[in-house]
Structures are given as structure tokens and as C-alpha cells.
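Okay, here we've got a single chain as C-alpha cells, the form predicted alone, with questions on binding and movement later.
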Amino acid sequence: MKIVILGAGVAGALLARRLARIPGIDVTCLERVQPDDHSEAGTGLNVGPNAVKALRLTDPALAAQVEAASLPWSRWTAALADGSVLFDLPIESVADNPGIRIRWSELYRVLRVGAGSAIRYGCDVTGVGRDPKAPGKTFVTWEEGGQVHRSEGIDLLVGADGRYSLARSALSGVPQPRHVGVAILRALVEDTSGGLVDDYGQWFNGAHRLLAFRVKPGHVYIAATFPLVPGAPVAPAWSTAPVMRATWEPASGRPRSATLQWLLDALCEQLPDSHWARMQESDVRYHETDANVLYLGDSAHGMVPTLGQGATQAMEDACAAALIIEDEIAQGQRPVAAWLERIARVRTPRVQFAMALSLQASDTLLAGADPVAGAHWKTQPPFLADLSRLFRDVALGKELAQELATP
């Protein structure tokens, strides 16, 4: 059986590692960059407790390696620009285990090393399509080392190549984005805070938010958000130090907290090289109905990053897909199309819930938001119950157990 995975990101590398162990399976994962090229992964991310739980259940050895390369995400704090505390939530109160804080580049390194020779680097995919000679199968063309390659008769093609997935665009059209009305700026800076920044924290001034946390080895990840009209361009003035500092001048008239002052100083030093993105969503699509094509991670579902569920759900996706594919191959009975339907049946309700809750939790980032009121409802039982469901009920537990028991 021939399986080709496009992209060695979170989902692609995880799935390649698992499937490469199965006898009789020829797995090739095509990655555009070289092994040591992390130019597009130069920031940090928080991975939710649910992904850590899923990885521990699916691949304990890899989970241990990922956790060793990271710091635990144990608290979620929110404050106003002057330091007034809005809430301080211990993650253990809504999860079975901590999440993690890690550099994107370090997460990629650990996951890609785990996949070994299943990943081919420096591969620029140039074409994807349905194989005209084999119903249900696909072909992929790519350039590697100055040569053009083509693989036909692919039994399972996995599009794990990100939000702008070539596979999904070629086979079902470019997903239409839904802009939320928030612009985000990210930076990774050296930690010279003297202990001011550690675990996951947020600082609000009206609808403007700074988010920050420490990651190994001695760096701080910072993200700034500005509300904007959905679909509108980012204002160039936002990337200037005077505007950035004025934006976080406390509405209370009190001075900025020491932590916020340090974050602004560090962020303003990075502004000449800053890059903005606009928060957006896209419709969920896990597979094609007329070809054996599976989508995972951002290729399957673009979502807002408010609750750190982007990479988190990519990990859940890959863990669920790996377990289901392994089970299906062990049974040796059903066609690949049935695998894909099963994966979509397990994952679609789960990721739709994660997307809806993440969007709901973005209320404090929108124009005219009241951070005090927004923080207050996030400390109430309904939201905490939903957060607990998000962090605890990964789609690998009772849902997968029931699915595996279904004839």
C-alpha cells in the first residue's frame, strides 16, 4: 500500500512516524523545507492539555520527548494594562494534565526526528490530482534536488500542508476564509525580564491584548492583537513604536505594570521586522468522497488561535487518524474510503466544538470589547465546563473506544 503525506508539520510528522512502522506500508512524507530550515517556525506556541493527553495515549515515548523539550502550561492569568488581576486559572482545575509551551522550531525538530527517513526534505510539490488510470487513487508531482518526480496510484494521500493546502485547493477548491475582525502580531524575543514573564499570561487595554509566556531556551513569545474590520488590511501605523506604546497606555490612568512595560519594550525592538496576520476560520473538511484523500490539521480546519487549539487539534487529528488507520489495516477488510469516513465521524464533531469555543472566547479581542466583563464570564461554571470538556475529552477516549467497537 502506498501512502503519501504532504507536509511534515505537526500532523504530517506525527502520522508519518506511526504509519512507517506498519509492515507492508510504503509511507513517503514530502516536506518543502530542509531539516534545519525553521525560518517559518520562529515563534512559540502553547499546546493544550488535550493534545498532550492524546499524544500520551497514542505514543508515550514521543510524548515524553516533546514534554522534555518544552515547559509546562500550568496557569492562565489575565490582567489589565496596569496590572489589575482579572483571573488566575490553574490548568489542573479544568484538565487532567498540563499543556506545554514550546518553540515551533523545537516542536518540529522533535516530531521530524521521530519520523526518520519517512520524510523527504527539499520537496516542492507542483501538482496534485486524481489518477485517471485508477479510480479513487491520486498522483503527486514534485521537484527535489533539481529533478522532477511523479508518484501515481497513491492508495491514500494525506494533505497536511497547512491552511493554504495545495492538496485541498487542487481537489476541492480553495476554502473561503471567514475573517474574525482581529489582527495579530507575533514575536519571539530573548528573555531579559528577570522573571517578570513565565507561564501563559494576558494583558488587556480595552479590546487590545498582549499575550506572553516563556519558552526554552531562555526566550519569551509575545503576541499583540488589534481589532479591525473583518477582511480589512492592517494599518501600517500599528507597526510603529509610538502607536504600540500608546495603544497599551492604561485606560485607568495608572502606570503600566512592570511586566507590560517590559513586553512593550521587547516588542517594539522587533517592530521593523514584524509580520501581521488576520485571524480567520475555514469550513471543516476531512476527506474527499470520490478519492482516497485525507486532510489533517489546518488543511482540514482553519481556526482562530484564542485557546491555543490550532496545533493542538492537529495533534489530536494525527493521533486519531493513526489509531484508526492502524486498526483498519489490522482488520484487513474495508476499503480506504471507509477509513476516511470513520476518521471524519470521530473528528468532525470534536473539532467543530473546539472551533466554536475558540471563537466564543475571542470576544475580548473584538472592537468595543470590555475585558473585565469578558474575563468575568470566563470564570463562571458554563465556560469552565466547556473548557474542561475541551481539555479533557479528547476524541481518542470513549468516543474512539466506541468507534473501534462498531462493526
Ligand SMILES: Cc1cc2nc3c(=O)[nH]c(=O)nc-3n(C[C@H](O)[C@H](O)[C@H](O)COP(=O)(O)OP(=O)(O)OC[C@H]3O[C@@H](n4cnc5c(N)ncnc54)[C@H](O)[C@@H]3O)c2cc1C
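Nothing here was measured: the structure is a model prediction, and the numbers come from that model. Don't overthink the numbering: it's just position in the shown sequence, from 1.
The discussion below concerns the form predicted in complex with the named molecule, not included here.
Across the options 157-165, 78-86, 235-243, 251-259, residues that bring heavy atoms within 4.5 Å of the named molecule in the predicted bound form belong to 157-165. The candidate spot formed by 58, 321 and 351 is out of contact with the named molecule in the predicted bound form: none of the three has a heavy atom within 4.5 Å.
At a distance threshold of 4.5 angstroms between non-hydrogen atoms, residue 314 is in contact with the named molecule in the predicted bound form. The named molecule is not drawn, but in the predicted bound form it has a heavy atom within 4.5 Å of residue 184. Among heavy atoms of residue 33, some come within 4.5 Å of the named molecule in the predicted bound form. Contact between residue 108 and the named molecule in the predicted bound form is found at the 4.5 Å heavy atom cutoff. Note on contacts: among 285, 214, 137, 112, the single residue with a heavy atom within 4.5 Å of the named molecule in the predicted bound form is 112.
In terms of contact with the named molecule in the predicted bound form, the residue from 99, 175, 310, 201 that brings a heavy atom within 4.5 Å is 310. For the partner-free chain shown, 104, 108, 112, 123, 124, 125 of 103-127 come within 4.5 angstroms of the named molecule in the predicted bound form, judged by any non-hydrogen atom.
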